[in-house]
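The chain below stands alone and is given as structure tokens, in the form predicted on its own.
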């Protein structure tokens, strides 16, 4: 009897195990990354709710998290699903970017495509495509064209990121209109108590009323996992913030609404942007990830030969330091584009004058710079700011003291381009109406690059910088600029999501708190050690580095503002802050005071064959080495936060059995960001692939190294490192 009972129990247990396993196989799909370190499981929970979870090296990264949508005036696409089809695929290839941190990028992933059907909603369908790389996960929603789902309005996206612990996080407040906040470092659970302090005053801001942070969101778990959440290929869709539950550590999508409060107008067939989760147990791997770029589409431009990196100076920093110059020409504060600006009363401080621009052109030509940015050249600056004015600039009419044709010829004769500036004052409607005229004007006068700006509250009124309409506006500008072979550097635009692969002429953005804020309250010494893990995950940044005169009382004894770095840290930015567009942002006369340090800015490359992140920790330090595109030249940049530390610079990427000349730009022993910031040393040594440099960095300091081949005469007398 006992034997039969035992057999019966075993039989029932086996049946249960079979049914459980069968249920698991029916309701769940599992894929792994090519290197087997990641596992992603998709499953339908009870009531047909789609979910996913992610592990890395058997450590949970994202617990079971819901997927789906709330729709306006239509049943939600959040439950009641059945899996009607699954497809799997693997891809392993490489592609070459037009410019970038590497000559070749590997694209290697395993893919799962799940087709879901809502039977009770007349067989509405949605597909979820997962791509699992060796550096993380990307997934998006796809809405096929179908009889019962042609047009719909998104109320909210239900995507969750259910994290497993109270991670350390580097964050800025969720906002629909600005990403120009300083970063806060805390635990997730501490965000509520810090949000009010973190939400500093920024013009045209629109902080999210509920608890939310922006992406890219960088975190570190207590067991040493680095986790970065962002998005890729943001097209025809609003930007995503992240709702935060500080008790359960669950993040969820919070899309930017429009003036009506709606979050997306969709017509099938349609694909959303990718949601990205980059993970590693090594912080350097986060910076080396190309997952976001790989999830963007290749460009459809047939000719890209005109898209080249640019190193420039500008009539710019002088507007920020002690009121040295003014964008505006006149003293009046109420002007119209139809006014006769020759009759305005000159304020005597206009920066974009023929004389001043020629001085900058001369400097650029002498030192090998490609272009000179000129801000304040065009009429309308007298009342451009803060008035929510639509017809604010026309982008073609210069002030009386700016001779377009004469300056064009002067620059061309010296082999220098003038870089156009199109500040829109956030009046996107006005800009779009005038785009063809503005770009035709540029083409006719030899301008091939433009810096756009969106300072202020958006017009159409009620739209936000990050809403669907504005996301499409930025792309329309890039596409129109490409018709005229013009490169675009956008400021105050939505944060980037790798679209410089698809629209390579949109080759840089600001979209974060950059150097200009050093003159408007200052940046914390750790700010630039956070940006590579946050803002720069999405694409190149026009950070505008190179400020040598860091104590701004130099211009006015009453100005107590300072740039919170050493001079050498400013040099290191040209390597740690990747961009194919790099500005030497200080005044020309300041570079003439430090010609030996300025040499590094003149030498450093803009485009790269390869990149090696040698050491990194968000908020603390970053050291990066890069090889110049097509040259036997290498450059290294290392930066630290407010703490002194020793950077480790390796040279194992150099060709074997050969010595190279390394020029090392270093902080002096008594330098720091707030004391002796301009004290530095420069020395030359011989290095090879076995050399290792242990370089002390001052508080708020850095190190910059250029490595080049040398002939016998140049290497004579140099010591080995």
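Computed from a prediction, not measured in an experiment: that's the story for all the values here. Numbering follows the first chain given and starts at 1.
Note that the form predicted together with a further copy of the same chain isn't included here; everything after this is about it.
Only one listed stretch (565-573, 512-520, 426-434, 81-89) carries heavy atoms within 4.5 Å of a further copy of the same chain in the predicted complex, and that stretch is 426-434. Listed residues 341, 265, 441, 249 were compared with a further copy of the same chain in the predicted complex; 265 is the one with a heavy atom within 4.5 Å. 333 is the sole member of 210, 345, 632, 333 with a non-hydrogen atom within 4.5 Å of a further copy of the same chain in the predicted complex. Among residues of the shown chain, residue 598 is not one whose heavy atoms approach a further copy of the same chain to within 4.5 Å in the predicted complex. The closest heavy atom approach of residue 446 to a further copy of the same chain in the predicted complex falls outside 4.5 Å. Contact annotation: residue 560 falls outside 4.5 Å of a further copy of the same chain in the predicted complex, judged by heavy atom distances. Looking at residue 164, you'd find every heavy atom of it more than 4.5 angstroms from a further copy of the same chain in the predicted complex. Residues from 454-476 that approach a further copy of the same chain in the predicted complex with a non-hydrogen atom closer than or equal to 4.5 Å are 459, 460, 461, 462, 469, 476, in the order they occur in the chain.
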